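Okay, here we've got a single chain as structure tokens, the form predicted on its own, with questions on binding and movement later.
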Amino acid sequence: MSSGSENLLDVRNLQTHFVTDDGVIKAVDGVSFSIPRGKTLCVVGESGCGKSITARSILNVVDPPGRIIGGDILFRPEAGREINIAKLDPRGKDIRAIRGKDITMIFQEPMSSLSALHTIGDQITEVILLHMHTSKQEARQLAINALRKVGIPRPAEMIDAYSFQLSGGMRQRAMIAMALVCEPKLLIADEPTTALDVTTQANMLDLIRDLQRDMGMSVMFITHDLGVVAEIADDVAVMYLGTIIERGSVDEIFTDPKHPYTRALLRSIPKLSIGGIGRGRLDAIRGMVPHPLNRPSGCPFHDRCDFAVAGICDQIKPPIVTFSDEHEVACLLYDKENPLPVNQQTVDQEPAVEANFRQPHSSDEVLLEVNDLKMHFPITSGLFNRVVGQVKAVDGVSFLVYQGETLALVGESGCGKTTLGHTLLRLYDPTAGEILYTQENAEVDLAKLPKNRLKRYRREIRMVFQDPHASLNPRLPVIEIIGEPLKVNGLAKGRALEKRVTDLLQKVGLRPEYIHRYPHAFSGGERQRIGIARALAPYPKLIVADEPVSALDVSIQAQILNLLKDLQAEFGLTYLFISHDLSVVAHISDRVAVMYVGKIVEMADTSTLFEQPHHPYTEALLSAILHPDPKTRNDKNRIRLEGDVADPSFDHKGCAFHPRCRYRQEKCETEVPALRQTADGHFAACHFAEELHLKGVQTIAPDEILTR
């Protein structure tokens, strides 16, 4: 540990509790850590472990009925001055002077954190006027400079834009500008990159790192993405059920993790290992984080731990064991006074994981054929809503989906992936093109089918949505949520329906007795399992999975990915898997289609595309993947895409990607490249695909993977 004078922040035995009618929830229960000046501490752990409440405690903005009941938060904005934030009045002028100036926070979802009623400039200048002695004109100029620093184009114009007029990446940049405009000493970032594309995420991390270096700022970064941790952290604190169970430098945590929970988190990540893309089964952590009201006695992790010993781990609270000044762990495996009767060789040994989940897909039976599909949305203007343009969300897409395979659809936000998925289900009526679905050796064009005849096919083509909370009706119990498609399609009722629902719950790893519970009683991972069960209910053939794991913790993500593969093997399901997480795509897919501005720009089998891309856009996406390995930090081969996805309402004369492409030539500005075969089973829409020598994903040899 650094000495106190070197630390900007020292948190000592922090306790933040919520007093409810059901009991006392110990959200933060004795947390201690330090953040040195100019350094980055990453706090990791699953949802419900207390990460965000710890961050809110530092700002003293815990929502009622929560409050800090014990501990110290020692903040040193400058040498010789120390403030105990835990002892300040949460509504007093002293803490208000710190919030937004010396300590600021970036939240996970900028759309809900920014006001839709005020311009970006108004919101930033409000912070400036509150904490700095400037005129309104000077505050506006400072806000413009802040927007320029975070890379927002035309800042003098964009300062008058509203949040809904900005893309997700631009909104996040505006949030960062607001947080940093007063040059804080400490920036707290709460899952700021979770919902971002790999390219936008990489740019955000570069931006925060550059601003941190220029301002000498400290950062507390909360995330469940261990690739992000390996990229930016100096120190890492691993939280579980309101306590820190391991703390150390980023190198020690990744190369020599001690706590079984830390090891399990690292093992559950999809890894891009040589010869192993898409094949290995993920080693998921069993069970889930218990509710704080049901906190286990003894070690809080013992009921999910592979090394727990009955009568010891469930009775004795593990002490902090120090391995070095930088590395501490709370685990009885290392306690000399209460040694566990466990062989140390067994502890160090990796648990056995099934080497091959299933053989790569090889069927040549076409289940779905999409030809020149277009989905355009009219842009209207004026009193009479005259059509003045078209948003070409999907603009001439063609591909095949084979029986039993997983075809992944990847690309940045705004590329048309979700619109394409919705169009295939006829949630939108396509503007043009064919959706040929094969049923009983006969083809039917779903694009032209009247709506009154779609019911039968919507039973066989189902969808799993990204947000498991918003996609489940909170007023219906599980039996009605899952049973609804059975009722609508006349497949079951009464006891037969109840049996089908209980069987499905068991298939997706939930208890049958949960059948009468409501969605609010489940965790995010459990709600996603309910969504999968609902999709499976009417015996479908094709499932469109739209970002089904993007909002989940890495441990729950592993459980859901294993579940999807298990169900595919058991029921012969076919998946169209939409995702921006390329590590997940590499793990689950047989083939990959890359979309950009409504068009497919590359398509190939997974291994080929990841190792030998033929389109510059694919190369840039692959280079932005963050590996859970600190050795790959600041990789010089990474390609940073400037700007946003091209406007789909604009008629592009040439290649839509050429303004962002480092290989562009004059031909790219004038001629639209067609999607053509560039190698056996490999298609790309690039004029120079055969001439370019593009780099594939940086793979890690199996003996170099830093998980133990």
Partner chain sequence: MALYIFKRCLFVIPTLIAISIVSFAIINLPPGDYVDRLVAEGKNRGENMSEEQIAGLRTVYGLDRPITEQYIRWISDIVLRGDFGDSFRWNLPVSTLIGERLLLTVALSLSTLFFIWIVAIPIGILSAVKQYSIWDYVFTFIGFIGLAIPNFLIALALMYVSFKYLGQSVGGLFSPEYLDAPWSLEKVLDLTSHIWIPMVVLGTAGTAALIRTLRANMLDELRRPYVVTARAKGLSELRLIIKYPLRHALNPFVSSLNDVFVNLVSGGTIVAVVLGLQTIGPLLLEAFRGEDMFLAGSAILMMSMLAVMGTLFSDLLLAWLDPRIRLR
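Positions refer to the first chain, counted from 1. Predicted model, so just to flag it, every value in this text is computed and none were measured. Take the two forms, find the largest set of C-alpha atoms that superpose within 1.5 Å, and that set is the rigid core.
There is also a form predicted in complex with its partner chain; it is not shown, and the following applies to it.
> Which residue, A496, L130, L476, A432, is the contact with its partner chain in the model of the complex, using a 4.5 Å heavy atom cutoff?
In short, L130.
> Have a look at A470, L117, V387, V488 for me and say which one sits with a heavy atom within 4.5 Å of its partner chain in the model of the complex.
None of the other options qualify; the answer is L117.
> Considering its partner chain in the model of the complex, find the one stretch among 422-430, 603-611, 156-164, 223-231 with heavy atoms no farther than 4.5 Å from it.
Only one stretch passes the 4.5 Å heavy-atom test: 156-164.
> Heavy atoms within 4.5 Å of its partner chain in the model of the complex: does D63 have any?
Heavy-atom contact with its partner chain at 4.5 Å: present for D63.
> Can you tell me whether E252 touches its partner chain? I mean in the model of the complex, with a 4.5 angstroms heavy atom cut-off.
E252: no contact with its partner chain in the model of the complex.
> According to a 4.5 angstroms non-hydrogen atom cut-off, is P319 in contact with its partner chain in the model of the complex?
Because no heavy atom of P319 falls inside 4.5 Å of its partner chain in the model of the complex, the answer is no.
> Any of the heavy atoms of D566 lying within 4.5 Å of its partner chain in the model of the complex?
D566 lies outside the contact set for its partner chain.
> Comparing between this form and the one not shown on the rigid core, is the C-alpha shift at G490 2 Å or larger?
No, the C-alpha position differs by under 2 Å between this form and the one not shown.
> When the rigid core is used for the superposition, does R96 move between this form and the one not shown (threshold: C-alpha shift of 2 Å or more)?
Yes, its C-alpha moves 2 Å or more.
> If we fit on the core, is the Cα of H376 displaced 2 Å or more between this form and the one not shown?
After core superposition, the displacement of the H376 C-alpha between this form and the one not shown stays below 2 Å, so no.
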